[in-house]
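In what follows, one protein chain appears twice in different forms, each by itself as structure tokens: structure 1 and structure 2.
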Structure 1
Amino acid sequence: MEVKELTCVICPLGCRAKVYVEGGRAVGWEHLECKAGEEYVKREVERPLRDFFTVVRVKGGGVLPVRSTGPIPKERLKEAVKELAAVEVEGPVRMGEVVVKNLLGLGVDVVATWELE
């Protein structure tokens, strides 16, 4: 059995958890103060997800900040970056407007987080 130490980022307590891992699954944990922390360390061990923020190119120069509408699997982040490296937008783009629909077939979109005239 493997033991991992993780810091929970769900709430301001920042619990330093000791997580017992067997066969890629979290089978036990210590030093967590809440149920949300238990869910976090379990997900972090078994299928880590990350919110995704980056920029896309603007035709004629510059960049537009964007983000995913939901977290994506950590192991797919590089693929997501490569896909968005090929994207180029042209104004006007409204904040919240979808720039890429269904990123990598994950069921999340990429939206603008800034206005582009």
Structure 2
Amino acid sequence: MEVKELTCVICPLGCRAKVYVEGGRAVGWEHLECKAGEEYVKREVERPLRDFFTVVRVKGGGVLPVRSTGPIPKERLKEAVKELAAVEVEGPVRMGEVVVKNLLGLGVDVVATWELE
């Protein structure tokens, strides 16, 4: 069994939890003060998700901000950045327009968060 130290981010209390992990699953925890915190550490140990956002190059200069339509696994963030580094867009681009479909096969798209004339 592995022991992980995690800080809960659900509320300003910021409990520092000790989580016991076995086969990738949280099997026990200490120093958590509420149910929401327990759910949080379980998620963080078993399948931590993060919002993904970056900028892509615009043909002729400048950048356009983009985001994923849903959170992606934390350990795929850097891979996602690499994927987007290869993308170049050309105007016009509408707000919310899809820039990359089905990012890394994760079932989310990457969309523009600004518009381009």
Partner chain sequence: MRVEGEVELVVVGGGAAGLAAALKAREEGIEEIWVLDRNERPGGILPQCIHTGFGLHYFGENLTGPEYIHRFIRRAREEGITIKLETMVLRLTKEREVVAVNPSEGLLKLKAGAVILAMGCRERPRGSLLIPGGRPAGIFTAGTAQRLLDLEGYLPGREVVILGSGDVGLIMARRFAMEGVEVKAVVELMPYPGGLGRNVVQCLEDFGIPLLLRRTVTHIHGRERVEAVTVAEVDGEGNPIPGTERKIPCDTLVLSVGLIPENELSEGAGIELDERTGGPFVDEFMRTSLEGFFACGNVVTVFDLVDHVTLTGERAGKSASQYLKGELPPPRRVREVRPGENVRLVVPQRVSGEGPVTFYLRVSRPLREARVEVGGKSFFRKAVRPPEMLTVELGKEEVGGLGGEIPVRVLGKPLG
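Just so you know, these numbers come straight off a predicted model, no measurement behind them. Definition used throughout: the rigid core is the maximal C-alpha set that superposes within 1.5 Å between two forms. Residue numbering: sequential along structure 1, first residue numbered 1.
> The same chain appears twice here, once per structure, so which copy is the form predicted in complex with the partner chain?
Replying inline: Structure 2 is the matching one, since it is the form predicted in complex with the partner chain.
> Do you see a C-alpha shift of 2 Å or more at R94 between the two structures, with the core held fixed?
Replying inline: Moves: no, less than 2 Å.
> Do you see a C-alpha shift of 2 Å or more at C34 between the two structures, with the core held fixed?
Replying inline: C34 C-alpha, core-superposed: shift of 2 Å or more.
>> Quick question: how big is the domain rotation between the two structures, taking the chain as two rigid parts and the angle in degrees?
In response: Relative rotation between the two structures amounts to 20 degrees.
> So, with the core fitted, how far does T7 move at its Cα between the two structures, in angstrom?
Replying inline: For T7, the alpha-carbon shift amounts to 4.0 Å.
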